[in-house]
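A single chain, nothing else alongside it, follows as structure tokens in the form predicted on its own.
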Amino acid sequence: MLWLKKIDLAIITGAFLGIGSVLIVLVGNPVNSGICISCFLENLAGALQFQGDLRMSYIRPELVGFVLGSFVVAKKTRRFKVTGGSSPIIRFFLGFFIIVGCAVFIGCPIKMIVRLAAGDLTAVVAVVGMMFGVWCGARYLKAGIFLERERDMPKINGYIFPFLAFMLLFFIFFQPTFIKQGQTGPAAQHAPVLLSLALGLVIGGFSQRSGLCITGGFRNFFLFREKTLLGGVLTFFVTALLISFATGQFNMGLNGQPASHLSHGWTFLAMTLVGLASVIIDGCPFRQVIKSGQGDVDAGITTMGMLAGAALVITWSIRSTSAGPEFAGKIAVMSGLIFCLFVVISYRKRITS
């Protein structure tokens, strides 16, 4: 891997993500969401009894693999660097609101691309919304408005999140009584454990080296016209599209798509929130999980915020169904956008004072 150029790594990572996201559905994962960070976190929250919907309770081995794959590769290539201390409370709540946006759309940016590649036209509005949020965030970055820089921290801080991933791996194989694994609904739709774990490890390792990030690819293009990460994102989409065609999973249309709704205005606003918040914290949900494995304490705090969000979107019905977003979901999306605005205004005042 060391001799590969970063652009090659981004393309390879995108290809693995596209192939894995579609093929994992054929061996058990839910349709149109073979890989979805927000869904995986909702499942994890249920397995840990942070939310009570047993149908959404399962420890996804792919999620564990993402963290451990990133950790192993970062250690092996001496890229494991323990940093943090950049606005932890703000990052926690932005992580929370990112999952709110994902729950109202019904999927993270990765699932958004997988849905689009499977012919789900409701995801087109989500792409436009996310790009608009990223564009707004890029404008703020260009004006010099961003969270303060992280600093080096004692190494023990960086090992905590990989340790938690190892603990989840232990729970998967030994299933202590306090872990709840659903036997019906989405929880029962999963690929074989070892296959899921292997896929997560491979994608996690390549993602650590390439830095692939869905929102980051568009952000870099808007800011610098830099196309390395965007090339990986486009490769992800094209690969998923081709595999969807080849496996008979492509079904173009608006109506009756799995895990979707037709409230396009709220889809746009929800993914605008996801795009904007992801730029403020420097990474989409997938990227936050990967960075948490390589020693980034701030990403770990953001991921914990996402896990809290994953629990509460189920418990408080801050999400969407096939009929559209719940009232609480609409309020939460608007609250998240207002929170992002307050953060930006606060940091703008700081740099202009």
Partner chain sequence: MDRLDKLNSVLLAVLVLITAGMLIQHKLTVPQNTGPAPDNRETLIKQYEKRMASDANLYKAIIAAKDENRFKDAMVQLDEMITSHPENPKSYVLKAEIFTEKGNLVNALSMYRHAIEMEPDLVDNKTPLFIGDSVMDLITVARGKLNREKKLKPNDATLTIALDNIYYLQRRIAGGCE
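Remember, predicted model here, so these are calculated numbers, not experimental data. Residue numbers count along the first chain shown, from 1.
Although it is not shown, the form predicted in complex with the partner chain is what the next lines describe.
Contact check at 4.5 Å (heavy atoms) against the partner chain in the predicted bound form: none of R79, T83 and V238 pass. Of the listed positions (G248, G256, P154, G144), a single one reaches within 4.5 angstroms of the partner chain by any non-hydrogen atom in the predicted bound form, namely G256. Listed residues G216, G158, G231, P186 were compared with the partner chain in the predicted bound form; P186 is the one with a heavy atom within 4.5 Å.
Although the partner is absent here, V31 sits close enough that one of its heavy atoms falls within 4.5 Å of the partner chain in the predicted bound form. Heavy atoms of V134 never reach within 4.5 Å of the partner chain in the predicted bound form, leaving it off the interface. Contact annotation for R91: none of its heavy atoms lies within 4.5 Å of the partner chain in the predicted bound form. Using a 4.5 Å cutoff between non-hydrogen atoms, S260 counts as a contact of the partner chain in the predicted bound form.
The stretch from 32 to 40, 281 to 289, 301 to 309, 64 to 72 that comes within 4.5 Å of the partner chain in the predicted bound form, counting heavy atoms only, is 32 to 40.
For the partner-free chain shown, R55, M56 of 45 to 71 come within 4.5 angstroms of the partner chain in the predicted bound form, judged by any non-hydrogen atom.
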